[in-house]
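As C-alpha cells, one chain now follows by itself in the form predicted on its own.
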C-alpha cells in the first residue's frame, strides 16, 4: 500500500509539490527558530553564570533578602575554610569566592585634585591564585588595551568607562566606598588595562580587581559577598538537587546569617526569562501546526475538487469511503515525512551558520539591564534534528483529516453524472 501511494505521489507531482513546499518551509522555520531560542537560552545561562549567578550560588539568608543591592556587609565569613569543606563535599563543583561592590571612581589630576568622577560596579575575583577566573571571564579575549594585572594594586576598567572619564593606561585612580563595617574607605589603584566584554550591562561600568585587594580595601579579611559554584557542564536538575541537599543541611530559619544555596534558575530574572522562552517555543510550534493545517486543509479541498473524478471512480468500483479516507491520511503522512526531512535539513544548515557566525545585536541592546552577549547565536542540539517532525507531520495529517471529511459527503447517485462529464 505504501509503495503504491509513494509511486502515485511521484508520478503526479501536483498532489505533493505544494504541500511539501508549505510543510518544508514551516519545518525549516521551526528548526531555525528552535535553535535560535535554544542558543539564546544557552547564551543567557552561560553569560549570567560566569558574571553573576554561577551554576549555584551560596549566600547568607540576610544577603539573599537584599541580593539586588549586593550588601557585602551581610556576606560570608571564614570563606577559605568554607570552600575547603565545600570542595570535599561536592568535588564535582568548582567553588569561587566573589565580592561585588558599587563605588565612586575618582580620577585625580597632577595636583591630586579631582579631575573627573563616575560610578562603577566592582568585581573582586581571584586573579592570581589560579587562572580559572581569568578563563571564566574571558579576560584575555576581552582585553582591549593594556595588560592584565600582574601584581597587587592593579585594576582593569571597562573601555567605555575609561573613555567617558578620560582614563589612560598606568593612571592612578581612587575608588571611594564604605567598608564591611560601614566606615568610609578609599584606595588607590593603577590602571593596567581596559576591557570590552561585548555585554552592555558590564561595559557600562565594570571594574575588575583581585579579591585580595578588595578585601584589604573593604576590610573584608577572609570574607566574600558570595561563593559561586560551577559544574563541568550546566545541568538544571543537578543544580536543584544539590541545592536541596545543601539547604536541608545548612540553612537555619532562625539564623539570618546561615547559608543558603540558590540554583541559577531561581536567581534574579532567570526564572522569568527561561520560562518565557519555553512558553514562546511551545506557542510558536502550536501556531505553525495551526496555520499549516489550515493551508493544507485548503490545499486538500482544492485537490479534492480536482480529484473528484478519481474518488468517484474508486467509489464506483466498490472501494469503501473509509478506505479512501485512510489512504488519503496515509498519503499525507508520507508527504509530511518527506517534507519534514527536507525542511529539517535546510533549517539545520541555516542554524549551523547562525551558530558559527551569529548576528550582531548591539544596536538593539544599548539599554539592556540583563547580562547577555550582543552577538546572538543559534545552538544546534539533538532535539533540533527531530523538533520539526511535530509541526510537519501533525499539520500534514490534520489538514488531510479535515479536508478528507468531504469524502463521506459524496453521494454515489451523482457519480455517473460526474463520470459522464
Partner chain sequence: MRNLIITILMFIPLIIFAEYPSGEMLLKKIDENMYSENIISVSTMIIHSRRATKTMKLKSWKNGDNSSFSEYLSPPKNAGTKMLKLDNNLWIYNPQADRTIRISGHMLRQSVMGSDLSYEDMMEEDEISKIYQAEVIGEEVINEADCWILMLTAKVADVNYQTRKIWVDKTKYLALREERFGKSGKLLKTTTIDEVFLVGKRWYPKKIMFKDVLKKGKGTELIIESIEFDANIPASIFSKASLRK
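Values in this document were obtained by computation on a predicted structure and should not be read as measured data. Residue numbers count along the first chain shown, from 1.
The same protein also has a form predicted in complex with its partner chain, omitted here; what follows describes it.
In the model of the complex, its partner chain lies farther than 4.5 Å from every heavy atom of residue 290. Proximity of residue 217 to its partner chain in the model of the complex: non-hydrogen atoms within 4.5 Å are present. With a 4.5 Å cutoff on heavy atoms, residue 82 does not count as touching its partner chain in the model of the complex; it lies far away.
At the 4.5 Å threshold, heavy atoms of residue 202 stay clear of its partner chain in the model of the complex, well away from it. From the list 174 to 182, 229 to 237, 202 to 210, 263 to 271, the contact stretch for its partner chain in the model of the complex under a 4.5 Å heavy atom rule is 174 to 182. Proximity to its partner chain in the model of the complex, defined as a heavy atom within 4.5 Å, singles out one entry of 43, 62, 390, 29, which is 62. Think of it this way: in the model of the complex, its partner chain has a heavy atom of just one of 283, 349, 275, 104 within 4.5 Å, and the residue is 104. With contact defined as any non-hydrogen atom lying within 4.5 angstroms of its partner chain in the model of the complex, the contacting residues in 227 to 265 are 256, 257, given in sequence order.
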